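The chain below stands alone and is given in structure tokens; this is the form predicted on its own.
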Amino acid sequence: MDLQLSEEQELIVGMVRRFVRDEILPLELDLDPDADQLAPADSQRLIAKTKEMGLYGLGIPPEFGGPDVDLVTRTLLAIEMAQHRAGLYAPCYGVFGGAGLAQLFEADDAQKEKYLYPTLRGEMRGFFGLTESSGGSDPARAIQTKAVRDGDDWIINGSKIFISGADRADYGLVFARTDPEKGRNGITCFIVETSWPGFHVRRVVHTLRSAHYATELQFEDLRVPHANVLGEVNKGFAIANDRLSRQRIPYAAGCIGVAVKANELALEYAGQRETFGALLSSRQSIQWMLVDNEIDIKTATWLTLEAAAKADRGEPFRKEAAMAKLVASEAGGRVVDRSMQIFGGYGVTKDFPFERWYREMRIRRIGEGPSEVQRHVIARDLLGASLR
């Protein structure tokens, strides 16, 4: 992997860095500290700018209208896009667009016409329904929602939890067990419309995330046409697993971006704040905190870029993606914590973004697979079948 950015990467990264500095940060001065959306007029104005930049729809394959940007470059951009108060879970407030439910790029033609293309045009919203109360870290075995074939339809019964956006969605991808004897080889993915009888958003689940909530879903004799099977029957876990592995790379990049900004603020403050007649930056304890921040950021960055580079080359990258997600989420939390400590009492006020990052970064050690599961994935790749 060449660690030197190309001229094109330098140009694109610089564009996004200036965009965050000149467009996003000024708007946040007037937003609620927990906001995760812009006013519609601001959102539309900035979407027009990202389209002019040729960067709208990051993550969408070029054949579907997205920019032709490799994963390494997208990772670099994700680091830049996260460097503001809402950047961890609402990078640039969504004005760069995105792939949404990327699994739909593998849908058949009829499914693309009905769900994918309207979603890319912003006419429909979807949700990803995998996790259940029985467990989310091992979905292949934890899934208890069942789908039974009935002629040209399937009947789904069961529930999901911690599902984002299901109460505002038009459809979703729901994973259900279609063969109870086959474990991970008995899971099927269904495209389910939220208006169909038997689909219920049972309750809202509040978490540490700012201005955000998840939902719990209930399926009661939900009838789904066989035409709405995504991929093949009993092979839905492969669809979910691919998403989880690939998503860990930009997920890690977001943690790095927040850590970079937190450390930048801490460096600036340490060079200005005096205690007992001397600058904070002259204190060895503060210096070592800043050094540890830099080491954490660099380590996470190189691991994440390595995972992206391997994915770009078409090589296996599951272990590297797990390492990136594990290190970036844990290191990012440490960087935010140290930076907050350097700011002292100000660090825990809503005048600064640390308290939001502190809360939301804690979730990153659980979302997209907790740290313990990432270690299991890495160990399984290192030790092979003995841990399967």
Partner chain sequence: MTKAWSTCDAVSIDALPGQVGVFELANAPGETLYIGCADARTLFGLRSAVRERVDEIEDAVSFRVEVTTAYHSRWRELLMVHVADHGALPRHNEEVAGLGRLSPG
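Numbering follows the first chain given and starts at 1. Here the structure is a predicted model, which is why all the values come from computation and not from measurement.
Unshown form predicted in complex with its partner chain; subsequent notes refer to it.
Listed stretches are 202-210, 150-158, 91-99, 256-264; the contact stretch with its partner chain in the model of the complex is 202-210, by a heavy atom cutoff of 4.5 Å.
Contact annotation: of the candidates D167, E294, E106, D179, the single residue with a non-hydrogen atom within 4.5 angstroms of its partner chain in the model of the complex is D167. The single contact residue among T194, S281, T145, S245, judged by any heavy atom lying within 4.5 Å of its partner chain in the model of the complex, is T194. Heavy atoms of P61 never reach within 4.5 Å of its partner chain in the model of the complex, leaving it off the interface. Proximity of D34 to its partner chain in the model of the complex: non-hydrogen atoms within 4.5 Å are present.
For the chain shown alone, E52 is not a contact residue for its partner chain in the model of the complex, no non-hydrogen atom being within 4.5 angstroms. Proximity of D30 to its partner chain in the model of the complex falls within the 4.5 Å heavy atom cutoff.
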